[in-house]
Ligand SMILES: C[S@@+](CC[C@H](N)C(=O)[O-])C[C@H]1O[C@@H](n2cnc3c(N)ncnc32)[C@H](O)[C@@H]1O
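Only one chain comes next, encoded as structure tokens, the form predicted on its own.
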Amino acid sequence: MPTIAENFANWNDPSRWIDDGNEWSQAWGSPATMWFGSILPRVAANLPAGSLLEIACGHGRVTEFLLAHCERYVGVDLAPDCVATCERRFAGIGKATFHRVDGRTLAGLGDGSFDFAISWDSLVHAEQEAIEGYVRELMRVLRPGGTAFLHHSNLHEHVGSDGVLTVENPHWRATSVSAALVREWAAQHGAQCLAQELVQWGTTAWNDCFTLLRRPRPGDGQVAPRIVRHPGFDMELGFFRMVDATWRHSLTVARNQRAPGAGGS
């Protein structure tokens, strides 16, 4: 769980998207606070990018921020409804194109055509077949020296020797993926794993991981990945939620108030 077919059925259902995915940013207060508080600090060293690939773009809640940091943007998604939604939402932006993929490959994208790739809060639902497939494909579509930031599940770390998950899985995370396995797949497919940050996303289990991969240039040597565990991730979200409520939300409320004695029907 969850299979590619289950992901397709779930994310291709328009009723699943209550607020174009912005509902999943409420832990930060807003998509903007999520971007500036938690995503941008983790990927800023990779930006700006001449050509940028977003895997599992959904309805574009991260896309709108990525567009400011590249000359060319390509978004891909398993769900055709997501692709169509993004095509409508970003129709006036000529540098942006969107394509459907099969959930395991990046067919149709050219070799060595991207400087940076990113996937946020989507591939956590993707099992080994998808994650290993994307790692393999990224080593094809990234230019030498190009990097990829992938947010994926780490739940397999909590699977016992009997194959049984030892923790709860309230967020529909993939159970066949872990930070250690992604490092193995990266090595198998010629990628350098530069860094990994394991986090507790809405639970006490180490259920998620952010991984930075790089397609090495010819002659590059081995790189030891920096691996850290971030036990304060929920506190990070709570801090930015407080900041968002204090400053952005308060200003929005003030702007919506009528001045005393103001006219109007």
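Computed from a predicted structure; not experimentally measured. Counting begins at 1, following the sequence as shown.
Beyond what is shown, the protein has a form predicted in complex with the ligand; the following relates to that form.
Engineer: Can we say Val62, Leu78 and Asp121 each have a non-hydrogen atom within 4.5 Å of the ligand in the predicted complex?
Structural biologist: Contact check passed for all of Val62, Leu78 and Asp121.
Engineer: Exactly one stretch in 139 to 147, 153 to 161, 126 to 134, 181 to 189 has heavy atoms within 4.5 Å of the ligand in the predicted complex; which is it?
Structural biologist: Partner-contacting stretch among the options: 126 to 134.
Engineer: The ligand isn't shown here, but in the predicted complex which of Leu53, Cys57, Leu213, Cys209 has a heavy atom within 4.5 Å of it?
Structural biologist: Of the candidates Leu53, Cys57, Leu213, Cys209, Cys57 is the one lying within 4.5 Å of the ligand in the predicted complex.
Engineer: In the predicted complex, is there a heavy atom of the ligand that lies within 4.5 Å of any heavy atom of Ala174, even though the partner is absent here?
Structural biologist: No, no contact at 4.5 Å.
Engineer: Looking in the predicted complex, any heavy atom of Val101 within 4.5 Å of the ligand?
Structural biologist: Yes, contact at 4.5 Å.
Engineer: Is there a non-hydrogen atom of Cys82 within 4.5 angstroms of a non-hydrogen atom of the ligand in the predicted complex?
Structural biologist: Yes.
Engineer: If you look in the predicted complex, which residues in 1 to 15 sit within 4.5 Å of the ligand (heavy atoms)?
Structural biologist: Contacts from 1 to 15: Asn7, Trp11.
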